[in-house]
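Below, in structure tokens: the form predicted on its own, a single chain.
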Amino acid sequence: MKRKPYMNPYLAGTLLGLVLLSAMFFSGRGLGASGGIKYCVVSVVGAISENHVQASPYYGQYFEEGKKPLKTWLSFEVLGMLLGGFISGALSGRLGIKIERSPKISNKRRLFFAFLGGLFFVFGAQLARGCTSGAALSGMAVLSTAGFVTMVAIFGSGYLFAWFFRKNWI
């Protein structure tokens, strides 16, 4: 299948805004995915020992009597993102495994930095109580000061770290 060109960024941004508006309208919540892993962990721990989950102050807040954590709106959102990404890649002819990197670094180094960046991102999302989607996009959509501060911090730290790591890419 021939690769299709990327979507116009203005159209993609508008569509993302409509998805965010739809999420708020239909679910009463904005977008956000970093909490999805918590529900998966609670489900696994609950399958092993439901009593432990109910007694734990941390796990207990994600576990309601009679409700299954994997049937929450967030679990379906994360599943939808994975499925949507797969379908989008397949329809655009971009489905495949490829390591994007500069010729100056090895695949191993690229994967190490990607993993390290992912760890920092997850830690930051937990520390900030939300990821870029939840804290920044959804926060800014409701004109939350925290949403704007989060977005400035995300782009500011990205710009700062890019200066230190640019030799890996150019």
Partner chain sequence: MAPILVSPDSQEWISLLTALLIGIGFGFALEQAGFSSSRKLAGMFYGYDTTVLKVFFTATIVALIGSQLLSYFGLLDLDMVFVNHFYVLPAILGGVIMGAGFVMGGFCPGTGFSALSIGKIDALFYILGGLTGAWLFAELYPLISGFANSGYKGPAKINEWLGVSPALFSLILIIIAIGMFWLAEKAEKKYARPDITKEL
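Numbering follows the first chain given and starts at 1. What you see is a predicted model, and the numbers here were worked out from it, not measured in a lab. Here, rigid core means the biggest group of C-alpha atoms that superpose within 1.5 Å across both forms.
What comes next is about the form predicted in complex with its partner chain, which does not appear here.
Taking the partner from elsewhere, A47 is found to have every heavy atom lying beyond 4.5 Å of its partner chain in the predicted bound form. The shortest heavy atom separation between G117 and its partner chain in the predicted bound form is within 4.5 Å. The closest heavy atom approach of Q54 to its partner chain in the predicted bound form falls outside 4.5 Å.
Taking the partner from elsewhere, Q126 is found to have a heavy atom lying within 4.5 Å of its partner chain in the predicted bound form.
Contact residues in stretch 83 to 122 (any heavy atom within 4.5 Å of its partner chain, taken in the predicted bound form) are L83, G84, G85, F86, I87, S88, G89, L91, S92, R94, L95, G96, I97, K98, I99, E100, R101, S102, P103, R110, L111, F113, A114, F115, L116, G117, G118, L119, F120, F121, V122.
After superposition on the rigid core, the Cα atom of A141 is displaced by less than 2 Å between the shown form and the other one.
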